[in-house]
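Quick heads-up: it's one chain on its own, the form predicted on its own, in structure tokens.
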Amino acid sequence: MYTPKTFMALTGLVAALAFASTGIAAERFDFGKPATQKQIAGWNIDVDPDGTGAPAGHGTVTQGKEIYANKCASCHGDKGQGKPMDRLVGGQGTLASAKPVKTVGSYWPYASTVFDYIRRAMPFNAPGSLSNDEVYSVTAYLLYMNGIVDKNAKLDKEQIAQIKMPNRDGFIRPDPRPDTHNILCMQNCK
């Protein structure tokens, strides 16, 4: 018959054996192997609000219109009106209302955030499949449809940080939520 003391001893023994074998497992399965710079670069694709991290490439509103029609409209509507997925156009002036409409033009604070999201997550059925030029083009088209850039706009890594989104100042910095405990570093950061 097992007593609680016997059970604890067996549990401890099993845990010790499992822990001791992690070195063997690490060696056998390459756990803990340092990532190469090339591996890190493949995952480090974020684009900061100031445009840092934006890749080479470019796109225009005209190119974006065609790509959007072929790869985006079936989910977001031919004019970004939504259905079956999120609405992307309009909503300016509604954020303080009882029924805010959060779109690229009304809610998103940075054009680089739009670019980054499209690059990582769109199209829904094949995320990450668009080339950098296609992402720049679709981003330019969405900005155009929201009245943020004109129809002749060309978007690239230099231009993306220059665009002032309508809701850029609608976000609080630093983040006051209690789940963010780090001290915001603004200069000479480690």
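Residue positions are given as counts along the sequence shown, with the first one as 1. Source: prediction; values computed, not measured.
One more form of this protein exists, namely the form predicted in complex with heme C (HEC); it is left out here, but the text below deals with it.
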Problem set entry | Option from 118-126, 37-45, 51-59, 158-166 whose residues, in the predicted complex, bring a heavy atom within 4.5 Å of heme C (HEC) | 118-126
Exercise. So, in the predicted complex, is Cys75 in contact with heme C (HEC) at a 4.5 angstroms heavy atom limit?
Worked result: yes
Exercise. Is Leu95 close enough to heme C (HEC) in the predicted complex to count, meaning some heavy atom within 4.5 Å?
Worked result: no
For this session: With heavy atoms only and a cut-off of 4.5 Å, decide whether Ile148 touches heme C (HEC) in the predicted complex.
Result: no
For this session: Report whether the minimum heavy atom distance between Leu130 and heme C (HEC) in the predicted complex is within 4.5 Å.
Result: yes
Exercise. Each of Ala111, Ala140 and Tyr144 near heme C (HEC) in the predicted complex, meaning some heavy atom within 4.5 Å?
Worked result: no
